[in-house]
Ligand code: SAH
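The chain that follows stands alone, in the form predicted on its own, written as C-alpha coordinates.
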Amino acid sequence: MSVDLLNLTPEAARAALAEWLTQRGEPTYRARQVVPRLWQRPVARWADATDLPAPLRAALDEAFPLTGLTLRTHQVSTDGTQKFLWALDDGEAIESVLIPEGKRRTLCISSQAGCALGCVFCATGRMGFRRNLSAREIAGQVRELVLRDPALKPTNIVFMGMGEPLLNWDAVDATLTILNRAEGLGIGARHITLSTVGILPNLVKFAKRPEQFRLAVSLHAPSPALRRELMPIEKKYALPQLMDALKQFHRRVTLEYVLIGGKNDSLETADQLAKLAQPLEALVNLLPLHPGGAPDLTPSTRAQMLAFERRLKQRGVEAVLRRSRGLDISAACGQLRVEVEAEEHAHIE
(Lines give C-alpha, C1' and ligand atoms only; values in the text may rest on other atoms or scores of the structure.)
Protein backbone atom coordinates (compact mmCIF):
# COMPACT_ATOMS: atom_id res chain seq x y z
CA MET A 1 0.00 0.00 0.00
CA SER A 2 1.61 3.28 -1.11
CA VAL A 3 1.59 6.38 1.12
CA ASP A 4 0.88 9.92 -0.11
CA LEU A 5 3.67 11.93 1.52
CA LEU A 6 2.17 15.17 0.19
CA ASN A 7 -0.85 14.69 2.47
CA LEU A 8 1.39 14.59 5.54
CA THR A 9 2.99 17.40 7.51
CA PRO A 10 6.75 17.65 6.82
CA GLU A 11 7.53 16.07 10.21
CA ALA A 12 5.23 13.10 9.56
CA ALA A 13 6.61 12.69 6.01
CA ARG A 14 10.19 12.73 7.34
CA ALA A 15 9.31 10.05 9.94
CA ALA A 16 7.61 7.81 7.34
CA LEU A 17 10.56 8.18 4.95
CA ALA A 18 13.18 7.60 7.65
CA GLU A 19 11.52 4.34 8.70
CA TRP A 20 11.23 3.14 5.11
CA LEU A 21 14.84 4.07 4.28
CA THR A 22 16.10 2.24 7.38
CA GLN A 23 14.17 -0.89 6.37
CA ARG A 24 15.87 -0.71 2.97
CA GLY A 25 19.27 -0.38 4.61
CA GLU A 26 19.87 3.09 3.12
CA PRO A 27 22.33 5.48 4.83
CA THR A 28 20.67 7.97 7.23
CA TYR A 29 21.64 11.01 5.13
CA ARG A 30 19.26 9.87 2.40
CA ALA A 31 16.28 11.37 4.32
CA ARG A 32 17.97 14.78 4.13
CA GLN A 33 18.16 14.37 0.35
CA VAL A 34 14.61 13.11 -0.13
CA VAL A 35 12.48 15.36 2.15
CA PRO A 36 13.35 18.66 0.38
CA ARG A 37 12.03 17.17 -2.87
CA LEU A 38 8.51 17.25 -1.45
CA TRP A 39 8.17 21.00 -0.88
CA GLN A 40 11.42 22.99 -0.71
CA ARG A 41 12.81 21.93 -4.10
CA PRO A 42 9.87 19.94 -5.40
CA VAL A 43 9.97 17.39 -8.19
CA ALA A 44 6.95 16.37 -10.28
CA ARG A 45 8.08 12.72 -10.09
CA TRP A 46 10.90 10.90 -8.32
CA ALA A 47 12.66 10.24 -11.64
CA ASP A 48 13.47 13.99 -11.70
CA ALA A 49 15.38 13.81 -8.38
CA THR A 50 18.64 13.06 -10.21
CA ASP A 51 20.76 13.52 -7.07
CA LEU A 52 19.38 10.15 -5.90
CA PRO A 53 20.49 6.74 -7.25
CA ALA A 54 18.18 5.34 -9.94
CA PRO A 55 17.17 2.19 -7.94
CA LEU A 56 16.14 4.40 -4.98
CA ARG A 57 14.10 6.65 -7.27
CA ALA A 58 12.27 3.64 -8.69
CA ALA A 59 11.58 2.28 -5.18
CA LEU A 60 10.33 5.71 -4.00
CA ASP A 61 8.00 5.83 -6.97
CA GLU A 62 6.46 2.55 -5.92
CA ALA A 63 6.21 3.25 -2.18
CA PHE A 64 5.43 6.98 -2.27
CA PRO A 65 4.11 7.98 -5.72
CA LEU A 66 3.87 11.75 -6.25
CA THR A 67 0.59 12.97 -7.69
CA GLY A 68 0.05 16.53 -8.84
CA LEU A 69 -2.73 18.75 -10.11
CA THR A 70 -3.36 19.03 -13.84
CA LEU A 71 -3.56 22.53 -15.31
CA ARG A 72 -6.78 22.82 -17.32
CA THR A 73 -6.92 26.54 -18.05
CA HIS A 74 -4.49 29.40 -17.45
CA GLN A 75 -5.46 33.04 -17.95
CA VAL A 76 -3.26 36.13 -17.61
CA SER A 77 -4.79 39.57 -17.05
CA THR A 78 -3.41 42.84 -18.40
CA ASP A 79 -2.75 43.82 -14.75
CA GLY A 80 -0.52 40.76 -14.26
CA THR A 81 -3.08 38.69 -12.31
CA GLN A 82 -2.92 34.99 -13.27
CA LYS A 83 -5.76 32.54 -12.87
CA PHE A 84 -5.29 28.77 -12.80
CA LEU A 85 -8.00 26.12 -13.14
CA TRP A 86 -6.67 22.79 -11.84
CA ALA A 87 -8.22 19.41 -12.63
CA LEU A 88 -8.19 16.88 -9.78
CA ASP A 89 -7.89 13.10 -10.04
CA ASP A 90 -11.67 12.55 -9.94
CA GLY A 91 -12.51 15.18 -12.58
CA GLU A 92 -13.39 17.95 -10.09
CA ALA A 93 -11.79 21.34 -10.72
CA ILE A 94 -10.55 24.11 -8.44
CA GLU A 95 -9.11 27.58 -8.92
CA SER A 96 -6.18 29.62 -7.66
CA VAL A 97 -5.34 33.23 -8.46
CA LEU A 98 -1.83 34.74 -8.35
CA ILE A 99 -1.80 38.50 -7.76
CA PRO A 100 1.53 40.31 -8.18
CA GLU A 101 2.02 43.65 -6.42
CA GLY A 102 5.54 45.06 -6.34
CA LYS A 103 7.69 42.41 -4.66
CA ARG A 104 4.65 40.60 -3.25
CA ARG A 105 3.08 37.66 -5.01
CA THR A 106 -0.16 36.69 -3.29
CA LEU A 107 -1.72 33.34 -4.15
CA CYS A 108 -5.40 32.89 -3.42
CA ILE A 109 -6.02 29.17 -2.86
CA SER A 110 -9.11 26.93 -2.69
CA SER A 111 -9.89 24.58 0.20
CA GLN A 112 -13.01 22.87 -1.19
CA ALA A 113 -14.39 22.00 -4.62
CA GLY A 114 -17.49 24.17 -4.69
CA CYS A 115 -19.03 25.55 -1.50
CA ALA A 116 -22.11 24.74 0.57
CA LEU A 117 -22.62 28.24 1.97
CA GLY A 118 -24.54 29.88 -0.88
CA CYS A 119 -23.53 33.52 -0.27
CA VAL A 120 -25.52 35.51 -2.83
CA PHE A 121 -22.55 37.47 -4.22
CA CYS A 122 -20.31 34.45 -4.90
CA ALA A 123 -19.98 32.36 -8.08
CA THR A 124 -18.62 29.35 -6.14
CA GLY A 125 -21.70 29.37 -3.91
CA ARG A 126 -23.94 28.94 -6.94
CA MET A 127 -22.23 25.72 -8.02
CA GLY A 128 -22.95 24.07 -4.64
CA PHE A 129 -20.65 21.82 -2.63
CA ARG A 130 -18.78 19.00 -4.39
CA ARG A 131 -16.22 17.80 -1.83
CA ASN A 132 -13.45 18.72 0.59
CA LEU A 133 -9.89 18.92 -0.72
CA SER A 134 -7.02 16.95 0.80
CA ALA A 135 -3.95 18.71 2.22
CA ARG A 136 -2.08 17.60 -0.93
CA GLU A 137 -4.66 19.30 -3.15
CA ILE A 138 -4.68 22.53 -1.12
CA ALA A 139 -0.93 22.93 -0.65
CA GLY A 140 -0.46 21.44 -4.12
CA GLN A 141 -1.77 24.67 -5.64
CA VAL A 142 1.42 26.32 -4.34
CA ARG A 143 3.64 23.34 -5.22
CA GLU A 144 2.46 23.33 -8.84
CA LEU A 145 3.45 26.99 -9.29
CA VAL A 146 6.94 26.30 -7.90
CA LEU A 147 7.24 23.34 -10.29
CA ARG A 148 6.21 25.55 -13.23
CA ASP A 149 8.69 28.27 -12.28
CA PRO A 150 10.42 28.78 -8.89
CA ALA A 151 10.16 32.56 -9.52
CA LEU A 152 6.35 32.21 -9.23
CA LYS A 153 6.59 31.02 -5.62
CA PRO A 154 4.11 33.13 -3.64
CA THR A 155 5.31 35.41 -0.84
CA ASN A 156 1.78 35.47 0.63
CA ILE A 157 -1.06 32.94 0.79
CA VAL A 158 -4.74 33.68 1.32
CA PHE A 159 -7.38 30.99 1.84
CA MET A 160 -9.92 32.98 -0.15
CA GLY A 161 -10.45 30.74 -3.15
CA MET A 162 -13.28 28.25 -3.55
CA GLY A 163 -14.80 26.85 -0.37
CA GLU A 164 -14.92 27.60 3.36
CA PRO A 165 -11.60 26.57 4.97
CA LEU A 166 -13.06 26.04 8.45
CA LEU A 167 -15.53 23.46 7.09
CA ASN A 168 -12.48 21.40 6.02
CA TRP A 169 -10.48 21.98 9.18
CA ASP A 170 -8.38 18.79 9.39
CA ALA A 171 -6.93 19.20 5.89
CA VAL A 172 -6.53 22.98 6.31
CA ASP A 173 -4.82 22.46 9.68
CA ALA A 174 -2.23 20.14 8.06
CA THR A 175 -1.88 22.53 5.09
CA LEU A 176 -1.09 25.49 7.39
CA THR A 177 1.80 23.42 8.79
CA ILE A 178 3.03 22.43 5.30
CA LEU A 179 2.92 26.06 4.11
CA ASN A 180 4.66 27.44 7.18
CA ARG A 181 7.34 24.95 8.28
CA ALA A 182 10.90 25.43 7.04
CA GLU A 183 10.88 21.81 5.76
CA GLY A 184 7.62 22.60 3.94
CA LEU A 185 7.13 25.70 1.81
CA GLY A 186 8.67 28.00 4.44
CA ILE A 187 6.15 30.87 4.17
CA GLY A 188 6.00 33.06 7.29
CA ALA A 189 2.82 32.71 9.38
CA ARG A 190 2.10 36.44 9.14
CA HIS A 191 2.04 36.05 5.36
CA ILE A 192 -0.70 33.39 5.53
CA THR A 193 -4.32 34.54 5.91
CA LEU A 194 -7.32 32.31 6.49
CA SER A 195 -10.64 33.83 5.39
CA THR A 196 -13.83 32.45 6.93
CA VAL A 197 -17.51 33.31 7.27
CA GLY A 198 -17.08 32.33 10.94
CA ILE A 199 -17.54 28.60 11.64
CA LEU A 200 -17.29 29.06 15.39
CA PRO A 201 -16.13 25.63 16.70
CA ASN A 202 -13.23 25.51 14.23
CA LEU A 203 -12.48 29.22 14.61
CA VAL A 204 -11.60 28.36 18.23
CA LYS A 205 -9.25 25.59 17.00
CA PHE A 206 -7.59 27.99 14.55
CA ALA A 207 -7.16 30.61 17.31
CA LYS A 208 -5.39 27.99 19.47
CA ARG A 209 -2.59 27.49 16.94
CA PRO A 210 0.56 29.18 18.30
CA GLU A 211 1.73 30.68 14.98
CA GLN A 212 0.81 34.23 14.04
CA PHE A 213 -1.46 33.28 11.15
CA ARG A 214 -3.77 36.09 10.02
CA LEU A 215 -7.56 35.93 10.17
CA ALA A 216 -9.98 37.60 7.75
CA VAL A 217 -13.72 37.35 8.37
CA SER A 218 -16.25 37.57 5.54
CA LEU A 219 -18.69 39.96 7.18
CA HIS A 220 -20.45 41.83 4.33
CA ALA A 221 -23.23 43.15 6.60
CA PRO A 222 -23.20 44.79 10.04
CA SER A 223 -26.63 43.54 11.20
CA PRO A 224 -27.97 39.98 11.57
CA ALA A 225 -31.03 40.68 9.37
CA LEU A 226 -29.01 42.03 6.44
CA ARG A 227 -26.34 39.36 6.82
CA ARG A 228 -28.99 36.63 6.73
CA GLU A 229 -30.20 38.04 3.41
CA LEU A 230 -26.69 37.85 1.90
CA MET A 231 -25.21 34.87 3.76
CA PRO A 232 -27.36 31.89 4.83
CA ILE A 233 -24.69 30.86 7.42
CA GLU A 234 -26.02 33.69 9.62
CA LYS A 235 -28.90 31.36 10.60
CA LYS A 236 -26.42 28.95 12.20
CA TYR A 237 -23.68 31.22 13.56
CA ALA A 238 -25.24 34.58 14.38
CA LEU A 239 -23.34 37.85 14.12
CA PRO A 240 -23.34 38.63 17.90
CA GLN A 241 -21.78 35.20 18.64
CA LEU A 242 -19.23 35.73 15.86
CA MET A 243 -18.19 39.14 17.21
CA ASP A 244 -17.79 37.64 20.72
CA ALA A 245 -15.58 34.88 19.28
CA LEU A 246 -13.40 37.45 17.48
CA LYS A 247 -12.71 39.22 20.78
CA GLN A 248 -11.03 35.98 21.96
CA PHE A 249 -8.70 36.03 18.94
CA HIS A 250 -5.60 37.81 20.23
CA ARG A 251 -4.38 39.00 16.87
CA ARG A 252 -5.54 41.71 14.54
CA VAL A 253 -8.60 40.72 12.54
CA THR A 254 -9.52 41.93 9.06
CA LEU A 255 -13.20 42.30 8.23
CA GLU A 256 -13.97 41.63 4.55
CA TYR A 257 -16.85 43.64 3.15
CA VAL A 258 -18.08 43.40 -0.46
CA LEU A 259 -19.95 46.58 -1.41
CA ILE A 260 -23.25 45.84 -3.19
CA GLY A 261 -25.21 48.72 -4.71
CA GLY A 262 -28.36 49.57 -2.75
CA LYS A 263 -27.87 46.59 -0.37
CA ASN A 264 -25.10 47.25 2.13
CA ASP A 265 -23.42 50.46 0.98
CA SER A 266 -25.40 53.26 2.70
CA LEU A 267 -23.67 55.64 5.12
CA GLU A 268 -25.97 54.40 7.92
CA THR A 269 -24.66 50.88 7.24
CA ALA A 270 -21.10 52.27 7.41
CA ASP A 271 -21.91 53.67 10.88
CA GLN A 272 -23.17 50.25 12.01
CA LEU A 273 -20.05 48.59 10.61
CA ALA A 274 -17.83 51.09 12.44
CA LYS A 275 -19.51 50.12 15.75
CA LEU A 276 -18.52 46.47 15.15
CA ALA A 277 -14.98 47.21 13.95
CA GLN A 278 -13.97 49.74 16.63
CA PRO A 279 -13.84 47.43 19.71
CA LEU A 280 -11.81 44.88 17.71
CA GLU A 281 -9.50 47.56 16.25
CA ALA A 282 -10.12 45.63 13.05
CA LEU A 283 -8.97 46.60 9.59
CA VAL A 284 -11.91 46.77 7.16
CA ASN A 285 -11.16 45.56 3.64
CA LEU A 286 -13.72 47.10 1.28
CA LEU A 287 -14.08 45.07 -1.90
CA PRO A 288 -15.88 46.10 -5.09
CA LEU A 289 -18.47 43.49 -6.09
CA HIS A 290 -16.93 41.49 -8.93
CA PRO A 291 -19.47 41.73 -11.77
CA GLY A 292 -18.82 38.12 -12.86
CA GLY A 293 -19.45 36.78 -9.35
CA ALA A 294 -23.12 37.67 -9.11
CA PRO A 295 -24.88 38.75 -12.33
CA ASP A 296 -28.11 39.64 -10.47
CA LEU A 297 -26.47 42.16 -8.10
CA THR A 298 -25.24 45.67 -8.85
CA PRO A 299 -21.79 46.89 -7.82
CA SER A 300 -21.71 50.11 -5.76
CA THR A 301 -20.72 53.21 -7.67
CA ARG A 302 -17.16 54.43 -7.24
CA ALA A 303 -18.43 57.59 -5.53
CA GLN A 304 -20.51 55.56 -3.05
CA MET A 305 -17.57 53.25 -2.25
CA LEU A 306 -15.32 56.23 -1.56
CA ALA A 307 -18.00 57.86 0.62
CA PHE A 308 -18.40 54.57 2.56
CA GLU A 309 -14.64 54.32 3.10
CA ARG A 310 -14.45 57.97 4.18
CA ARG A 311 -17.30 57.50 6.68
CA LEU A 312 -15.52 54.54 8.32
CA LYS A 313 -12.30 56.56 8.62
CA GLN A 314 -14.23 59.47 10.16
CA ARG A 315 -15.45 56.98 12.79
CA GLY A 316 -11.84 56.04 13.60
CA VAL A 317 -11.80 52.74 11.68
CA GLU A 318 -8.88 51.80 9.45
CA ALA A 319 -10.43 50.99 6.08
CA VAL A 320 -8.93 50.19 2.68
CA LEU A 321 -10.87 50.22 -0.57
CA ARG A 322 -9.34 47.52 -2.76
CA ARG A 323 -9.38 47.66 -6.52
CA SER A 324 -10.76 44.77 -8.52
CA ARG A 325 -8.00 42.71 -10.08
CA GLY A 326 -8.20 40.59 -13.21
CA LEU A 327 -11.42 42.15 -14.52
CA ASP A 328 -10.52 41.11 -18.08
CA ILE A 329 -10.22 37.46 -17.02
CA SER A 330 -12.67 35.30 -15.05
CA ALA A 331 -11.15 36.26 -11.71
CA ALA A 332 -14.28 36.19 -9.55
CA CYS A 333 -13.99 33.12 -7.38
CA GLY A 334 -15.54 30.09 -9.05
CA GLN A 335 -16.28 32.04 -12.23
CA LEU A 336 -13.66 30.37 -14.41
CA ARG A 337 -14.80 26.87 -13.48
CA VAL A 338 -18.45 27.78 -14.14
CA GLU A 339 -17.53 29.24 -17.56
CA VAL A 340 -15.30 26.32 -18.62
CA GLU A 341 -17.99 23.80 -17.62
CA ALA A 342 -20.67 25.74 -19.51
CA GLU A 343 -18.42 25.82 -22.58
CA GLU A 344 -17.73 22.07 -22.40
CA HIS A 345 -21.45 21.41 -21.92
CA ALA A 346 -22.22 23.48 -25.04
CA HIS A 347 -19.69 21.45 -27.07
CA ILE A 348 -21.29 18.18 -25.91
CA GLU A 349 -24.76 19.38 -26.93
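As the structure is a prediction and not an experimental result, all values here were calculated from the model. Quick note: we count residues from 1 along the sequence shown, nothing fancier.
The same protein has a further form, the form predicted in complex with S-adenosyl-L-homocysteine, not shown here; the description that follows concerns it.
Chemist: 121, 159 and 164 - do all three of these have some heavy atom no more than 4.5 Å from S-adenosyl-L-homocysteine in the model of the complex?
Modeler: The answer is yes: all three residues contact the partner (heavy atom, 4.5 Å cut-off).
Chemist: Could you check which residue among 273, 133, 258, 139 gets a heavy atom within 4.5 Å of S-adenosyl-L-homocysteine in the model of the complex?
Modeler: Of the candidates 273, 133, 258, 139, 258 is the one lying within 4.5 Å of S-adenosyl-L-homocysteine in the model of the complex.
Chemist: Taking 4.5 Å between heavy atoms as the contact cutoff, choose which of 180, 81, 96, 195 touches S-adenosyl-L-homocysteine in the model of the complex.
Modeler: Among 180, 81, 96, 195, a heavy atom within 4.5 Å of S-adenosyl-L-homocysteine in the model of the complex occurs only for 195.
Chemist: At 4.5 Å between heavy atoms, only one of the stretches 164-172, 265-273, 244-252, 141-149 reaches S-adenosyl-L-homocysteine in the model of the complex; which one is it?
Modeler: Flagged stretch: 164-172.
Chemist: Applying a 4.5 Å heavy atom distance criterion, does residue 65 contact S-adenosyl-L-homocysteine in the model of the complex?
Modeler: Heavy-atom contact with S-adenosyl-L-homocysteine at 4.5 Å: absent for residue 65.
Chemist: Should residue 288 be classed as touching S-adenosyl-L-homocysteine in the model of the complex when contacts are defined as heavy atoms within 4.5 Å?
Modeler: Contact check for residue 288: yes, within 4.5 Å of S-adenosyl-L-homocysteine in the model of the complex.
Chemist: Of 202-241, which residues get within 4.5 Å of S-adenosyl-L-homocysteine in the model of the complex if you count heavy atoms?
Modeler: Those in contact are 218, 220.
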